[in-house]
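Two forms, one chain: they're shown below as structure tokens, one block per form, named structure 1 and structure 2.
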Structure 1
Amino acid sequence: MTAILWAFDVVLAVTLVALAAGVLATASLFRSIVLFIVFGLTMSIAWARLDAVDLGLVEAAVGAGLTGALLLNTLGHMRSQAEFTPEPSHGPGGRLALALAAGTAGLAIGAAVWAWPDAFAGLGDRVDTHLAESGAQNPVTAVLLNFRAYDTLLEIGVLVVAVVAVWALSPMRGRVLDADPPGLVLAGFVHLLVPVVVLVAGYLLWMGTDAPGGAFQAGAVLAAAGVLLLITGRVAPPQLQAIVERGAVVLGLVAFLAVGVAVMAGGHAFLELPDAWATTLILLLESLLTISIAIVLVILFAGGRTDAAHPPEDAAP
């Protein structure tokens, strides 16, 4: 490592700590959210420096992008309520206790990493040994869609449960996204940007088997296009009343379960992909997962269901 890269890594680590402290210490919710988004983007650079490009892409798209948009959207709806008042600051004592707790946890994690036995090399060698028969050249994709497909199955299941919970607990009667009509510049920008975003999502999906990328990265990028169309009024908030809409939410989960059961008919274990069909099945699953993930993230951004039969509570009679 050159001196320039070493200095860059030191600055990057110090910046992450400073941003994390700023997120926790600031009394302004808006400033805290902005610092959180910057922290996520900086963390994506840190993952890239650790050669974990897949995690860096997810952090930038989901951790900073869509999560930041969700927080800003939530803050906007909270401020639109007349009874909303920001919670008071915890004061110096509370901040000091929070800092001590976070510092203790950080030291404990650092000590655990430092004490990690050198003789234990992990499972990287085993993944590399069986990579050729996994159906993917990217080891991350091979692990998530073949070697440990249960993890991905549970992750998409959690997303579906989250959508059910949001729609069950958040009936937004008559509420729509309060967005002003886009101006000429914004409308033109959206018109040019959305096709590019869709193209980038397709590229990440296609390259996921051989290089960093995949369904979660592609789905998050595709969801960004949907959020952009949503906040500019180009599309209406999803209603989840049609069978097609509800089917799209569970598409990835159902496809995963269907593939797992189908391979059992050929004498394999659940989600044990046959070597001859592994590449095709992985690409099929990733494509369907991309659609489900994108739709789920857009629905979570929009919030609960909109009941058009009930007028908004603050609407004039």
Structure 2
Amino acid sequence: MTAILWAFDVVLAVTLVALAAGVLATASLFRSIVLFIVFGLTMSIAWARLDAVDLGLVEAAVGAGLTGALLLNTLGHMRSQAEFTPEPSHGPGGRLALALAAGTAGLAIGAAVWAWPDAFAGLGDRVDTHLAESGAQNPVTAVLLNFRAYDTLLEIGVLVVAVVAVWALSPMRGRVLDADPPGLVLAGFVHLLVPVVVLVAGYLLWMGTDAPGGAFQAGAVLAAAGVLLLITGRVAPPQLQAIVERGAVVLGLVAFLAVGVAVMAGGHAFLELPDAWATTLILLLESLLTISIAIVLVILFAGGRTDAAHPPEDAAP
């Protein structure tokens, strides 16, 4: 390890902690959110440094991209009428006690981490041994879609639950935020950017079995294109009224379950991908998952139904 990389690590770690502290310390919510977006970007650099390219991709799309957009969007909604309410200040005694408790716990966990053995293979060797049978060259994809596919299946379930949760909220009185058409520059920019983003998503999906990338990375990038279209009023926020829309949300989950059950008919275990079919099935699943994940993330960004029965107040005569 070179001294320069060490300096890099030190600066990166200090920046991360300082950003986290800044996010939580500042009184301005907007400043908090911008710092949080920078925090996401810095995390993706940390993932890159730790050789976690798959995570770097996700963090670049989600942490620095979508989560920031979600937070800004919510802030935009909240700002509409809210006046600023300051945080109530805890007494200095309470703060000190809390800080001491959190710090002590941190030290105890740090001590546990300190005791880790320096060289440790984990399950890595076993993954390597069976990688050739898994149908994916990228070990992370192999774990996600073959060795521990059941975790991924439940995780997709969690995503669908999130959509159902947002959809199940009673509709908000319509306030059309994207009614005014975007300016020329923005419209042109989105017009240029969306095809590029879609292309990148396709690339990540295709690469995913052999190199870092895959359904979630591709889905998150594709969702960003959807958010761009939504925010500039090119597409209306999904209301999940049509069966097709709802079907697209659950497509990945249902396909995953269907593949898992279908292989059982051949005397295999649940989700046991037959060697000869593994690559094909993984690609098929990843493609369907990408579609579902992208749609799910766009719906989550839109954040629920608006009530068509109550026309927006601005539109009232």
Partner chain sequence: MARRERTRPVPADAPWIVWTVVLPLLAAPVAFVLGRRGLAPFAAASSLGVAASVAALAWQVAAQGVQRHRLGGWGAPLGIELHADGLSVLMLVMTAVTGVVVSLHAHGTFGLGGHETREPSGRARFWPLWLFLWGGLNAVFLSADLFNLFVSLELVTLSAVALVALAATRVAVAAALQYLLAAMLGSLLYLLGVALVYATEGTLSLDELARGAPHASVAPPALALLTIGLALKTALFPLHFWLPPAHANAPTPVSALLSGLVVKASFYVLWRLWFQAFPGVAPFEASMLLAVLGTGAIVWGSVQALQATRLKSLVAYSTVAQLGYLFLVFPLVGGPGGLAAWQACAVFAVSHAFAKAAFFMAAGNIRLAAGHDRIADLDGIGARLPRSFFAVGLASVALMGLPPSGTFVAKWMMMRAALESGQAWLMVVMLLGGLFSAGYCFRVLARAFTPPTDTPLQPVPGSLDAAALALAVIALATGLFVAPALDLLAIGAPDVAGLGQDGPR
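Structure 1's sequence is the ruler for residue numbers, which start at 1. All values derive from a computational prediction rather than experimental measurement. The term rigid core refers to the maximal set of C-alpha atoms that superpose within 1.5 Å between the two forms.
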property	result
Either 1 or 2, the form predicted alone	1
Residue 196 C-alpha moves between structures 1 and 2 by 2 Å or more, core aligned	no
